[in-house]
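Encoded as structure tokens, the following chain is the form predicted alone, with no partner shown.
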Amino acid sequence: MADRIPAPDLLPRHATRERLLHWLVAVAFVFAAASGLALFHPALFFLTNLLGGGPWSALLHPFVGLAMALAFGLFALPLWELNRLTAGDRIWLDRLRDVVDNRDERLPEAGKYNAGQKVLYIATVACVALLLLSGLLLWRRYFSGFFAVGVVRFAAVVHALAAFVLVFATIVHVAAAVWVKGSIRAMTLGTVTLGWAYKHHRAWFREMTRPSSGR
């Protein structure tokens, strides 16, 4: 599917493939997290209604989790190089107070992704990898019978911890997208305004507006 050429006052931010995979991961995450939390504690059992009740949630949870991990891998792997931390990113992280107070003039110019987004990316990659590996060990129908009880119990602890960290990271991700006006447009329509790009990702803005960028 070809992306439409944006208007002169817009920059392409996320391609159609990226956006489709992002929203596929988001939908799968909602169902995986809800069913996982419901199975984790009786007080949250009502969340099983999203997947048709307790038995269906228990049956579908690992399959939904597997689909989420696969979609996330397809989404995240092409972005690996863009999310490597640099010396400028470390300065950005040291000045988080300036980030919160919107003192952008005191921050290093950000590329396509700023340091906060990169840390969130790395944390999400680690959590999804841990959830996938520990989830396979816990999948009683297919895998857990091959491992000692102690290993399976340890996998359960890792799975729970990784899930809670991922839920927290997702809340931060959503809050940041709402807080930074214009970010949601990037992942729905695929474009951002020139002003948004200049304000939040100035190094990327310069790269995209150079004559040699092919824009």
Partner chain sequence: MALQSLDIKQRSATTTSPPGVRAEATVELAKLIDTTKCIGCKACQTACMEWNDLRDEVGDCNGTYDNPRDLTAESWTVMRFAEYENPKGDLEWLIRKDGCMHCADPGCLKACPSPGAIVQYANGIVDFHEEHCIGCGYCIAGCPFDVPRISKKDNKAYKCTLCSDRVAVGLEPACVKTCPTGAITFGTKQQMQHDAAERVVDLKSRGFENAGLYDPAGVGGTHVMYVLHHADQPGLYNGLPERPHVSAMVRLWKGAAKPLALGGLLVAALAGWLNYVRVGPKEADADDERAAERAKERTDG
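Being a predicted model, the structure only gives us computed values, none of them experimental. Positions refer to the first chain, counted from 1. So that the term is clear: the rigid core is the largest set of C-alpha atoms that superpose within 1.5 Å between two forms.
Separately, the form predicted in complex with its partner chain exists; it is not shown, and the next lines address it.
When the contact criterion is heavy atoms within 4.5 Å, does residue 86 count as touching its partner chain in the predicted bound form?
It does not: once its partner chain is placed as it appears in the predicted bound form, residue 86 has no heavy atom within 4.5 Å of it.
Counting only non-hydrogen atoms and a 4.5 angstroms cut-off, does residue 100 reach its partner chain in the predicted bound form?
Output for residue 100 is yes: heavy atoms within 4.5 Å of its partner chain.
Taking its partner chain as it sits in the predicted bound form, is residue 191 near enough to touch it, meaning that at least one heavy atom pair lies within 4.5 angstroms?
Outside the cut-off, so no.
Flag residue 44 as yes or no: does it have a non-hydrogen atom within 4.5 angstroms of any non-hydrogen atom of its partner chain in the predicted bound form?
Yes - in the predicted bound form, heavy atoms of residue 44 and its partner chain come within 4.5 Å of each other.
Of the options 69, 156, 187, 34, which one has a non-hydrogen atom that comes within 4.5 Å of its partner chain in the predicted bound form?
None of the other options qualify; the answer is 156.
Three residues, 15, 21 and 143; all within 4.5 Å of its partner chain in the predicted bound form via heavy atoms?
Answer is no for this spot.
Quick one: name the residues from 111-125 with any non-hydrogen atom within 4.5 angstroms of its partner chain in the predicted bound form.
Result: empty, none.
If we fit on the core, is the Cα of residue 81 displaced 2 Å or more between this form and the one not shown?
No, shifts by less than 2 Å.
Given a superposition on the rigid core, I'd like a yes or no on whether residue 103 shifts its C-alpha by 2 Å or more between this form and the one not shown.
Shift of 2 Å or more: yes.
Rigid core superposed, CA of residue 153 - does it shift 2 Å or more between this form and the one not shown?
No, shifts by less than 2 Å.
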